[in-house]
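Read the single chain below, which is given as structure tokens and is the form predicted alone.
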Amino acid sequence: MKNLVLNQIPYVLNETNFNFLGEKYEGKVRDNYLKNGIRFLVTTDRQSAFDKVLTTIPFKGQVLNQMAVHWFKKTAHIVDNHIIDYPDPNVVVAKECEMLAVEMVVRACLAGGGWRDYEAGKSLSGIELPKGLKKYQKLPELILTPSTKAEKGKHDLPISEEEILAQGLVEKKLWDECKEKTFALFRLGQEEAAKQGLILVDTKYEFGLVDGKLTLADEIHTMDSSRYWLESSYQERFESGLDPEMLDKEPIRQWLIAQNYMGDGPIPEFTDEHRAEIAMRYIDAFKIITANDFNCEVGSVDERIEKNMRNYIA
């Protein structure tokens, strides 16, 4: 598999120009095309961290897209989602949603940006956690730490429930429904992850409205939107002050921080070997989390998508 990944590097999907799919909007990882009320989401191989696109990772787009589809199917009984179809390994055809202005971030453990804020003495979206907690510690209960949905090129910012309601970003009845669905989704994610010997540490959800009905959009429980740790080694490593064994993109963030990069200044160089190692981490995580094989082929992702999508809309 490693050689296959290395051979795919010349064919990574960095950008798309599928104008026949409609008007384009480019996110950090997904290219969106809107046509006649339908949204085509193309998950590229772009790798982001600290709100910046850093490099490309072979097969990453396929991994993320197929994992999101996997979880959308598993959670469809909890809340409607935006998926209509998935005609290509990197593409989802989706309902156009009127997106809410906040992201729902759920935390079961103290990690990542939550830990960095806690260590700096800050509240987490208005929540004051007990003193003396340690990095990677499991929290007494799940907490919701929403953030604003930033415009392109800007950082998402923490926001409290009180501020969301006071500013009228989401009205109270809808906010209560968002919270209910958010915790239900996360608890199901925890249960499914536990079956695979994993801890679902935290995640983010994005909701919108379709004909006035709450609808889950964007992605769900992928390695870019969530943290996963191996349960078997967690407690021993935590007590020894060691990092958990991670199946997400946190090691990339930590590598960047070690290079003194947190979103500003020159982007550190990602060698082809490093990019292949990251790809293997994504692929291995996909197989563990979903309990499915990952089937991929070397070749132009761009050409395959164009062929599949032209056939799809014909």
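A quick note: this is a predicted structure, and the numbers were derived from the prediction, not measured. For every residue, the number given is its place in the sequence shown, counted from 1.
Absent from the display: the form predicted together with a small molecule. The rest refers to it.
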is_contact(residue 247, the small molecule) in the predicted bound form, heavy atom dist at most 4.5 Å: no
Quick one: does residue 32 come within 4.5 Å of the small molecule in the predicted bound form, counting heavy atoms only? yes
Is it the case that residue 221, even though its partner is missing from this view, gets within 4.5 Å of the small molecule in the predicted bound form, heavy atoms only? no
Quick one: is residue 164 in contact with the small molecule in the predicted bound form, heavy atoms, 4.5 Å cut-off? no
Have a look at 144, 97, 79, 159 for me and say which one sits with a heavy atom within 4.5 Å of the small molecule in the predicted bound form. 97
Find the only residue in 274, 70, 28, 281 having a heavy atom within 4.5 Å of the small molecule in the predicted bound form. 28
TL;DR on 20-28, 302-310, 5-13, 288-296: the one with heavy atoms within 4.5 Å of the small molecule in the predicted bound form is 20-28
Let me test this: is every residue among 149, 206 and 217 within 4.5 Å of the small molecule in the predicted bound form, going by heavy atom positions? yes
